[in-house]
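Read the single chain below, which is given as structure tokens and is the form predicted alone.
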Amino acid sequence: MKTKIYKSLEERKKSGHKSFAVLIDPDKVDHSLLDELMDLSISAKVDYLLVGGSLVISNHLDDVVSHIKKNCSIPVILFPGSPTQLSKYADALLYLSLISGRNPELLIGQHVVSAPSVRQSGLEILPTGYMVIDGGAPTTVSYISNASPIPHDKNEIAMCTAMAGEMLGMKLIYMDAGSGAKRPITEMMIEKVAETISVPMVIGGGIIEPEKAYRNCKAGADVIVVGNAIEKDSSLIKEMSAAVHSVPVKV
């Protein structure tokens, strides 16, 4: 089983180095925009490129991923709306289990169906406990999953959910306020969850300012993911990456 990407995440966490990931929605890019995003990401020393979306209604996931891999050495990780959104050209797959909800299909049902194709894909599999946090606006994830998000001020629920995910064998915990969230995840919730788990923690949703990315990392986030804000202003890649990488390493 491949472990290169996970080892890099684990090693960066152990050394205290924070990571920045740009999220690319295949439905919203063409080759020209991809080239611009790659140039900016390379220049800004972005650590990972996440590719995916809640729906992915177009049929060019393979095209997007292969184009990135031909022109860029930054690792590409699939962030799928369902386990069937696969591309053999990527480096790894976030194998998401929606542990914050109570929909059995997104906890394990879809995974049972997709397991053979996921195994055959040859991708590095990253078992990920996916937690949707209320961002103050309806999200595609909440609608499709038919599951309520964790309230933004219920730190104890988030802590226990993340703890359960780790004990069930999840290698990553991903807390997401959703695309276009009006209210990003609080630093207090991030801090409380970080104190509870030992696996790398990914934070996304509603992060529109470099200062917020910085504060999230200070609170305990290991990876910051930004997509929606960059879709509106791609120049933010440089500022966001600089903010994340400027967090002092704890000795």
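One rule holds for the numbers: they count along the sequence shown, beginning at 1. Note that the coordinates shown come from a computational prediction; the quantities given were computed from them, not determined experimentally.
Another form exists, predicted together with SN-glycerol-1-phosphate; not displayed. Remarks below refer to it.
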So in the predicted complex, does P200 come within 4.5 Å of SN-glycerol-1-phosphate, heavy atom to heavy atom? no
Interface membership of G101, SN-glycerol-1-phosphate in the predicted complex, 4.5 Å heavy atom rule: no
Test of understanding: in the predicted complex, would M189 fall inside 4.5 Å of SN-glycerol-1-phosphate by heavy atoms? no
At the 4.5 Å heavy atom threshold, is V223 in contact with SN-glycerol-1-phosphate in the predicted complex? no
Exactly one listed stretch (89-97, 170-178, 143-151, 111-119) reaches within 4.5 angstroms of SN-glycerol-1-phosphate in the predicted complex by non-hydrogen atoms, and it is 170-178
Select from 8-24 the residues with a non-hydrogen atom within 4.5 Å of SN-glycerol-1-phosphate in the predicted complex and write them out in sequence order. L23
